[in-house]
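Read the single chain below, which is given as structure tokens and is the form predicted alone.
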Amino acid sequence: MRPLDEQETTQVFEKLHKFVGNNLKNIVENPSHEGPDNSPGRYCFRLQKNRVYYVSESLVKRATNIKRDNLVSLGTQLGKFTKGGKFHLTVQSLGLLAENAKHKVWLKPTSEMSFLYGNNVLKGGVGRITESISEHDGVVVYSMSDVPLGFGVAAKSTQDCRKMDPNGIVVLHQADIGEYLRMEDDL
């Protein structure tokens, strides 16, 4: 497990900024109250086997006692780097994204299952949407009871969504909690 280099950090921050905007500062400066120390530490980003983790510094210090080959996971996995060098967020980052999301879409109960099966969000299934969403912005998708379901990319801006017909695509699906639950079933 090692710290991210400058290029990797830039890619991770650009991807996170797409979803959380200026709230990225909250993620980076979030104090950690884990560990035996009385003073709060910080969270940091670490790379292990092409996967990026968001983990407290005190936990990183304790993990140095474990061989790299034996270390499977540490903290919250945010995403992974592909063999081509691109960074992709994984569904495990949904909790962190939901806490700090800048753009949100709430689904009607009739559309929740469709989204969880991997389909895009249609205008007819949108219950509410935040203002000032631009095309290609990162969006966190919620149920009407404020449960984060997943995330995606805005296909249209908020203003364009108002003019669309009910079958127009509002959010392009990227990841949802259904994927996470299916991964647990495979284990």
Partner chain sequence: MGKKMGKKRQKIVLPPELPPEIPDEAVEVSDEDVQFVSENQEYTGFMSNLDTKTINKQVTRVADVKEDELESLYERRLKKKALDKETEKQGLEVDPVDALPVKTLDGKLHYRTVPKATQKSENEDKDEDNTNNKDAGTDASVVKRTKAEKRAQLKKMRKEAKKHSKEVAAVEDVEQIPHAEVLDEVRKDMTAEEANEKKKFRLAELGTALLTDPELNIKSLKEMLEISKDGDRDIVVLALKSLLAVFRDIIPGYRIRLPTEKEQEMKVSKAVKKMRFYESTLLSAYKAYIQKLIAIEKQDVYKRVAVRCICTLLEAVPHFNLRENLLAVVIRNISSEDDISRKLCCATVKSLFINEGKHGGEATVEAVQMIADLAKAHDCQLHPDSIEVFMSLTFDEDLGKHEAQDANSKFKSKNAKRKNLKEQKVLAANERKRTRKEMMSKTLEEVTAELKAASLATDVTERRRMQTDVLSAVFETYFRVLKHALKPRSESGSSPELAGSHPLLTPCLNGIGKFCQLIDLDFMSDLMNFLRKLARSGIDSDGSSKDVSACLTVSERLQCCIVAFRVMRNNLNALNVDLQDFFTQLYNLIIEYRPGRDNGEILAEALKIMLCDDRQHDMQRAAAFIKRLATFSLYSGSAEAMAALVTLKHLLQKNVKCRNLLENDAGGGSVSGAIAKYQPYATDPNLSGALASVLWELNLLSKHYHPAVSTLASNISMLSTSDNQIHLSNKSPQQAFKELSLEQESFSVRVDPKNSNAKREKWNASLKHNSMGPDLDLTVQVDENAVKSKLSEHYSLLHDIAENERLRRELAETTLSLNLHEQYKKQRKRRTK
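Numbering follows the first chain given and starts at 1. What you see is a predicted model; the values in this text were computed from it and never measured.
One more form of this protein, predicted in complex with its partner chain, exists but is not displayed; see below.
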Are Asn23, Asp146 and Arg162 jointly within 4.5 Å of its partner chain in the predicted bound form, each by at least one heavy atom? yes
Given that the partner is absent here, does Ser111 sit within 4.5 Å of its partner chain in the predicted bound form, heavy atoms only? no
Ile129: heavy atom within 4.5 Å of its partner chain in the predicted bound form? yes
With the partner left out here, check for me: in the predicted bound form, does some heavy atom of Gln48 sit within 4.5 Å of its partner chain? no
Thr158 versus its partner chain, in the predicted bound form: is there a non-hydrogen atom within 4.5 Å? yes
Picking from 23 to 31, 148 to 156, 48 to 56, 65 to 73, which part of the chain touches its partner chain in the predicted bound form when contact means heavy atoms within 4.5 Å? 23 to 31
Going through 94 to 122, which residues have a heavy atom within 4.5 Å of its partner chain in the predicted bound form? Please give them in sequence order. Glu99, Asn100, Lys104, Trp106
